[in-house]
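Just the one chain here, the form predicted on its own, laid out as structure tokens.
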């Protein structure tokens, strides 16, 4: 079977409003698939339907060939998937080992406790109570517990929220190892850098619909702002001030779309602009299209909690 998940015309309606409004997509086996969108876009509802935690209004969803909504099939789906919620919590007074043992009892078959402790590098903390663990260790324990049944599909909801950069990278490395072992990962995240680093395919949701889908590179290239030259402090240069207008400046930064600018025959060559900026001691940056640029154009800017901010806010 090529696809781990297949979604066809999925609708979830509350009262008279479609929270999920007729979306369709497929997730190939063995990849990291990211579902993005601000709070209220419908992504959490979509994921919970796939996980058999909510009922659908119409459409159809298949997980590993089993149909969501069929009682016997859903039992098989739950046996074959794993989930780690945002800000994972376990029992405070139990140790790392005791928590893993507790969760393992929910399954008829499960992996060895020592094997899981070793895989997620938490052996030395096995006798430490959950309440004494750092945020990074709690998330590593969450990953360990979510894989105790050796799932074929793993759902990760904001797995690095609130973590420091070192802990975040550790989680990224573990997610990559899980993918390389053949598991399918479904990821939700508000960190575009994280998605660019981990995801093979991305779907962007807004107001219950999918507005873009493809690889991070494809989405960034198609919907991003193009290659940009950013010169900070341009107002200190008379020559660069003459190039500035309300459409290509943010604060004291001059932003030129290199593809559009270079196509204008009457424009000063980019190389000459860079020479002027360097001569005048200004900071020069080259920016490639990014997933964050594309997301800003498609949906708008989010804060760290996933709330949508003013989509008109420019980004340099």
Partner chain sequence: MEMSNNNNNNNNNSVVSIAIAVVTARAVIALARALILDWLRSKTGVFFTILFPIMLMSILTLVFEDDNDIDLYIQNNDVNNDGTPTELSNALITTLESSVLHIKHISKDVDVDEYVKHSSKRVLVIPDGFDASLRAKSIEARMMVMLSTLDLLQEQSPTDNDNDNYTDNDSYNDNDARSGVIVPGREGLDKRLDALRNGNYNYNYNSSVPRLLLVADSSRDRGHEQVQSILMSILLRFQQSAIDAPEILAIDVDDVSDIKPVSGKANYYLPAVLAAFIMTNGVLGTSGIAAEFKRKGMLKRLMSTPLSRSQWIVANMLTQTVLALILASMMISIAVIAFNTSPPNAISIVVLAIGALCFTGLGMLIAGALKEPHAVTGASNALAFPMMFLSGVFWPLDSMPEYMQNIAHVLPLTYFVDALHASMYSSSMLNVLQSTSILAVLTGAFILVGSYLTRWKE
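Owing to the predicted nature of the structure, the values given are computational and were not obtained by experimental measurement. Positions refer to the first chain, counted from 1.
Keep in mind that the form predicted together with the partner chain is missing from the display, and what follows is about it.
Using a 4.5 angstroms limit between non-hydrogen atoms, residue 85 touches the partner chain in the predicted bound form. At the 4.5 Å threshold, heavy atoms of residue 104 reach the partner chain in the predicted bound form.
At a distance threshold of 4.5 angstroms between non-hydrogen atoms, residue 124 is out of contact with the partner chain in the predicted bound form. The shortest heavy atom separation between residue 177 and the partner chain in the predicted bound form exceeds 4.5 Å.
Checked against the partner chain in the predicted bound form, the residues 72, 238, 118, 89 give one hit for a heavy atom within 4.5 Å, which is 89.
A heavy atom within 4.5 Å of the partner chain in the predicted bound form is found for exactly one of 197, 218, 169, 79: 79. Just one listed stretch, out of 33-41, 50-58, 253-261, 274-282, contacts the partner chain in the predicted bound form at the 4.5 Å heavy atom level, and that stretch is 50-58. For the partner-free chain shown, 145, 146 of 140-155 come within 4.5 angstroms of the partner chain in the predicted bound form, judged by any non-hydrogen atom.
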